[in-house]
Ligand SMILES: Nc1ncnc2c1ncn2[C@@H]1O[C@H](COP(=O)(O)OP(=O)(O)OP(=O)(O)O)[C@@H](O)[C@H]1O
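This document opens with one chain alone, in structure tokens, the form predicted alone.
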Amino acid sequence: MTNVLEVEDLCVRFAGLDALKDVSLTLAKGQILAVIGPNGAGKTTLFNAISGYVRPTSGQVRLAGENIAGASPHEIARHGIRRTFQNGGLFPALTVLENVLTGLHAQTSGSFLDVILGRSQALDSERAMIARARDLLSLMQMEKMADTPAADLSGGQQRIVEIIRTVASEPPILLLDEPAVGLSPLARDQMMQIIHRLAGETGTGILLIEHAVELVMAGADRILVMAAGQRIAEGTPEEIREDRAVLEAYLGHA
């Protein structure tokens, strides 16, 4: 499998304390890699360092062989790493389709004035973006909600639309920060099915933070376990379930 992301010996230090210490990982195309660990393990700091919201003290974040560690969030997003946050920001007054289209604006050729004036190239581009947005909604089984205002969606539906909007521009890498938080067990299972569909059908590599361990055990291809800012284990769900260091980190005993 081709790696789309390589993180090597990533360190983040705050006021002399190691929030991350020598964390390494790889993410392949179409792979779901879950990051789990107790509170304070460094999971969010890892996401922030990869996506540019925290500047690493040392280490590398390589995308297509290029080290982008320390770049701004905007630059990193332009390189193809996109992320969601626990508290996503849809535009409540816009419809589902309109929210997804906001994730495609950078791919539209021509200006807003071109569209208003009816210039053919801009109109063709606009039609293509609408078709792309509808295809994504269909992929995620949300096509019937296209004309629904985002404010009228359930929390789980809003999270799905945020994910669709984030992947609309076809990023090679998607970072999902607790996409199932606050959802019912049934909705969490549906969310993981959607994430699987996304990875399998678009080839997006997905790095996922999730506290629901049973969910990632059932749905992730590989799992990275962190504690106290360090990687303590990585492997398949079956390997992680039997790992003594993981049992100690979560249960205090093996």
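For every residue, the number given is its place in the sequence shown, counted from 1. This structure is a prediction, so every number in the text was calculated from the model and none was measured.
A second form of this protein, the form predicted in complex with this ligand, is not displayed here; the remarks below concern that form.
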{"query": "Contact stretch among 31 to 39, 192 to 200, 212 to 220, 55 to 63 - heavy atom within 4.5 Å of this ligand in the predicted bound form", "finding": "31 to 39"}
{"query": "Proximity of Ala19 to this ligand in the predicted bound form, heavy atoms at 4.5 Å", "finding": "yes"}
{"query": "This ligand contact at Glu126 in the predicted bound form, heavy atom, 4.5 Å", "finding": "no"}
{"query": "Interface membership of Thr44, this ligand in the predicted bound form, 4.5 Å heavy atom rule", "finding": "yes"}
{"query": "Interface membership of Glu178, this ligand in the predicted bound form, 4.5 Å heavy atom rule", "finding": "yes"}
{"query": "Contact set, 185 to 200 vs this ligand in the predicted bound form - heavy atom within 4.5 angstroms", "finding": "none"}
